[in-house]
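Given as structure tokens, the chain that follows is alone and in the form predicted alone.
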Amino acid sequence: MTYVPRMQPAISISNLSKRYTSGFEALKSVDLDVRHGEIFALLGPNGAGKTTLISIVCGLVNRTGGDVLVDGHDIEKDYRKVRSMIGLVPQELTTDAFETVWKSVSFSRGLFGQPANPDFIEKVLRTLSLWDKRNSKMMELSGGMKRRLMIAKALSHEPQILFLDEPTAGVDVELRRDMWEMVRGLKDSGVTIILTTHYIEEAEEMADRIGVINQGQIVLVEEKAELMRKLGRKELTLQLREPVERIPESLIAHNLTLSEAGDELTYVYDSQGDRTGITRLLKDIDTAGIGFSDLSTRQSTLEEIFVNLVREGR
């Protein structure tokens, strides 16, 4: 059977705004579409509007203006339908300390009107490495296990869309990588995933597309690979045979940077430009009588791109 992709976005947000009674404008005319079956990472500094945006889509905060559709359903007119399609893992760990893992996840499933399905609950717990803890009370779990439990509860009713708000906050590196694998598995099963994160490497590792939000506005939405291609600068570093005290006048136009020890020259260029300027640079360096023993290039990271985008307020 040939797979035919759905044309309608999983989430469609148009001209969304949120102003609190204090007058603070958390979201300003946000437009965003999230595709079915993708992992979409929403990046932004603290207070940028990430959690407000998620909370509105999930029905936890009322919008001031604009439209939000989940698979074509309005979040207010079709509230029950929309909520049944969404799973949410919030930043805060809110659990009933005296309830067991099994009962807590089973109860969450029942909240959405889903019939009991012990086999499915077992599958979720095993996927999240919680099966051995199924009879443990939540107060007995470590922070990482509680985070996994929150994900299990969000998946209990078999949602089509999963929101992960800072899913690996406070989780050690090994557990974080385990959770990345789990999220990839969910994507492979057809779940659409939207995550907010402070860990840039998390977005770089997992996301298909990346959105940057700052001061309540979407700054940019781009395919991850295309974002790094468009905005990623490259650096050419030359290891000098003999240290120099300063950059010669004849090389000033190349905007080179000299290392503190005077033994490295760094040249920043646009790898997508018509001319990188490297050929001319090397010729001018040779003319200046500066010898180098080695050279290397480095692509800017997603973190550097993100910091520059927020700083420039694009």
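Note that residue numbering follows the sequence shown and begins at 1. Predicted, not measured: the structure shown is a model, and the values here were computed from it.
A second form of this protein, the form predicted in complex with a small molecule, is not displayed here; the remarks below concern that form.
- The stretch from 33-41, 62-70, 281-289, 47-55 that comes within 4.5 Å of the small molecule in the predicted bound form, counting heavy atoms only, is 47-55.
- Using a 4.5 Å cutoff between non-hydrogen atoms, Ser22 counts as a contact of the small molecule in the predicted bound form.
- Within 4.5 Å of any heavy atom of the small molecule in the predicted bound form lies no heavy atom of Ser142.
- None of the heavy atoms of Gln114 is located within 4.5 Å of the small molecule in the predicted bound form.
- Of the heavy atoms in Leu265, none are within 4.5 Å of the small molecule in the predicted bound form.
- The contact with the small molecule in the predicted bound form, taken as any heavy atom within 4.5 Å, belongs to Gln91 out of Gln91, Thr237, Ser129, Thr100.
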